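Quick setup: one chain, the form predicted on its own, written in structure tokens, and binding and motion questions come after.
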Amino acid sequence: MRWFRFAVLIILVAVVQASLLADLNIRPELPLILLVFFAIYCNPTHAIVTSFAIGFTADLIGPVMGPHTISFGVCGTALAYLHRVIAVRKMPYQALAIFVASLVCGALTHLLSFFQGEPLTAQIRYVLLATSIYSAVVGPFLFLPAAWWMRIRIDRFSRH
């Protein structure tokens, strides 16, 4: 694992998520897309460490500290161990993994934020569903540049 490249990638994603996409009500969750990427393409130990680091970075962007770290850590760990059983190499399966992870992480994050005293939005179901769909559509296309930057070989276009 190239940790310096990972740190630069996470900082870049945090800046893009916080600044460029901040004006949009429904936007893709770039940190969650990276969580799924690292859970799929790294070994389980690195995937778990990156999941917590990505969650911590997402907490730095958000209004409260802690919910993203916990939910991303749980979802990243589950995906890393699930990937040992099920190979998620094709784009439709990656999109499905991003969709399910976005729903689960989003629901867990909002639940933990609610327990910390943060009010829930009135349209929480719509926002969760729209964000999950948007992330699932955009996510697999971001895997190739992320793999190039991290120097991870993904073999997307070869026959198996």
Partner chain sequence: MAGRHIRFSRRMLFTWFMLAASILFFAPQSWTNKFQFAFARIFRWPLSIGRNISLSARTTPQTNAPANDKEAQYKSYIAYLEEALKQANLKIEKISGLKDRLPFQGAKLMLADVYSVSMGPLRCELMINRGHENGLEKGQFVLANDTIIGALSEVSARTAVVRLFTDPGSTVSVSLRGTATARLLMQGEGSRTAKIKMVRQKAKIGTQVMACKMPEFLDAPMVVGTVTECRRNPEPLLWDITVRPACDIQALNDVVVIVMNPES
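Note that the coordinates shown come from a computational prediction; the quantities given were computed from them, not determined experimentally. Positions refer to the first chain, counted from 1.
Just so you know, the form predicted together with the partner chain exists too; it's not on screen, but the next bit is about it.
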Exercise. Does V88 make contact with the partner chain in the predicted complex, using a 4.5 Å heavy atom cut-off?
Worked result: no
For this session: Evaluate V137 for contact with the partner chain in the predicted complex, applying a 4.5 angstroms cut-off between non-hydrogen atoms, and reply yes or no.
Result: no
Exercise. According to a 4.5 angstroms non-hydrogen atom cut-off, is F52 in contact with the partner chain in the predicted complex?
Worked result: yes
Exercise. Any chance Y93 has a heavy atom within 4.5 Å of the partner chain in the predicted complex?
Worked result: no
Exercise. For 43-60: residues with a non-hydrogen atom within 4.5 angstroms of the partner chain in the predicted complex?
Worked result: P44, T45, I48, V49, F52, F56, D59, L60
